[in-house]
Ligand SMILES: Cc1cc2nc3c(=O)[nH]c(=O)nc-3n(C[C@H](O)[C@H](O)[C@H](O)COP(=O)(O)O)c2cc1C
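Next up is one chain by itself, shown in C-alpha cells, the form predicted alone.
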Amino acid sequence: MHNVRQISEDSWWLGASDRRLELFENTYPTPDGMSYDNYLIMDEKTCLLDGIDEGVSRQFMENLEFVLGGRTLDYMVINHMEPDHCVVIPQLVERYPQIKLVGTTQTFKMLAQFFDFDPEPHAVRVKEGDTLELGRHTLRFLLAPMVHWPEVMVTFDQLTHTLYSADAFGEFGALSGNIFADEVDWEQDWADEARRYYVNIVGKYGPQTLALLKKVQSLDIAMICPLHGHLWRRDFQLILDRYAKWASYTPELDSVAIFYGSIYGDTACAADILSMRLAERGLRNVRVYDCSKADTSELVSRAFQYSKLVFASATYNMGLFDSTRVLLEDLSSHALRNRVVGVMENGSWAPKAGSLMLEQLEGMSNMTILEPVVRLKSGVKQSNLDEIEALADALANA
C-alpha cells in the first residue's frame, strides 16, 4: 500500500521511515529510527529526485508506482550517491529501461564502483548551473562537493522554488505523518537531532557547507526538501542560521559543557564540584557528561553547541581513559575549533591524562586553553578545590 503526500505543484514526497534502525551508518544511535526522503515531479517528463535505503525500499517502490499511475519514469536525479539513497538504482534501471540518470561526473564514477550495470546508456552528466527541462518545471543544478561526499549536488526547481538539498538540512529520527517542520515543535523536539546529524555526518566540512549556504542565499526559496528529516516551507532562518553557526564552528550557547572519564568516581566528583562553582558564578545551562555513558555522537554535538568545554580524565594504562580518548579523537576528526577549554586530570601513581589531553587539544585549530590545569592524585583534596575555584574563575571570565 502507498504512503505519499503531495508537497507542491506536481510534486510528491515518496519517502519512508525505518523505525527498526538502531545505528545509522552502523555508527550513530537512532533510538527513534530514521527517515528517508525522496521526491517525484509529475510533468511532461517524470522525474525522481534521489532513491532510498534498502531497508524501506519496498514501501518506496509501492509509493513510486502509485504516483506514476502507469506512466514510465523518465529521469532520476542523483544528488548524492551514498547507498542509503542509491541502492535501488539497479532495480529502477531494470524496471524503467529508458530512464535517464542525472548526476555529476563523479557520480558516474561512483555508480561504476557500486554497481555492475553499465550506466553510460542512461547517463546525463551535469555541471554547475546546468538545467533540465521537464515541461513546466525546469531544474537547475548547483554543485556542493564534500557536503559531505565529493559528487554531491543540489537541485532547484525554478517553477516551485523548491531546493532539493541532498544531505544538507537533515535530521536523525523517523517521521510520523507531519513531514513539514512547521507541523511539529521543531525547536523543542528536533533541533538537537538536527545538530547531532549535521555535526557527525557533515561537520568536518564546514568551509564546503558555507560555500553551499552562499549559493542557497541567492535563491528565492519557497521550500527545502532534504534527504532525511523534515521539509521546510517557512521559517527558513531557523535551520539556515544554525547551519551558518555549525559550519563556521560558532557556538550556539555561551556556557560550559564538562566531559569526564572516571573509573571510581573521583574524577566525576571533581567535574561536579566545578559545575557547582560555575553555577555560583552565574553561569546558566552548564552541562556535565559521563563520556562512558553518553554516546560519542551526542557528546560531539554538545561540544559544537557550547562555547567553553572542560575535559576531565583519569589516567588509564599510562594513557587516557578510553571514552575520553575516543571523544577527543572524534572532535579532532570533525575539525572542532574556536573554543575555550579547561583540563582536569587524575592519576594515582603516574598521571599522564593531562599532558595527553593537552597534546590533542593543541593540535586543534584556535583552541584557547585555560590555566590552571586541575591535577588530582586519586581523590579530591583541598589543594584541588583551590585549583577548581581558579579554573571556574577562568571559565567565567573567558
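In this text the structure is predicted, and so the values were computed from the model without any measurement. Residue numbers run from 1 along the displayed sequence.
Although it is not shown, the form predicted together with the ligand is what the next lines describe.
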Original post:
All three of 154, 207 and 213 touching the ligand in the predicted bound form at 4.5 Å, heavy atom to heavy atom?
Top reply: no
Original post:
Looking in the predicted bound form, any heavy atom of residue 305 within 4.5 Å of the ligand?
Top reply: no
Original post:
Do residue 317 and the ligand come within 4.5 Å of each other in the predicted bound form, heavy atoms counted?
Top reply: yes
**OP:** Classify residue 365 as contacting or not contacting the ligand in the predicted bound form by the rule of any non-hydrogen atom within 4.5 angstroms, answering yes or no.
**Re:** no
Original post:
Are any of the heavy atoms in residue 346 no more than 4.5 Å from a heavy atom of the ligand in the predicted bound form?
Top reply: yes
Subject >> Segment assignment from 255-263, 274-282, 166-174, 141-149: heavy atom within 4.5 Å of the ligand in the predicted bound form >> reply: 255-263
Subject >> Residue (of 267, 324, 79, 162) lying close to the ligand in the predicted bound form, criterion heavy atoms within 4.5 Å >> reply: 267
Original post:
Which pick from 351, 33, 55, 372 sits with a heavy atom within 4.5 Å of the ligand in the predicted bound form?
Top reply: 351
**OP:** Using the arrangement in the predicted bound form, list in sequence order the residues of 356-389 with any heavy atom within 4.5 angstroms of the ligand.
**Re:** 378
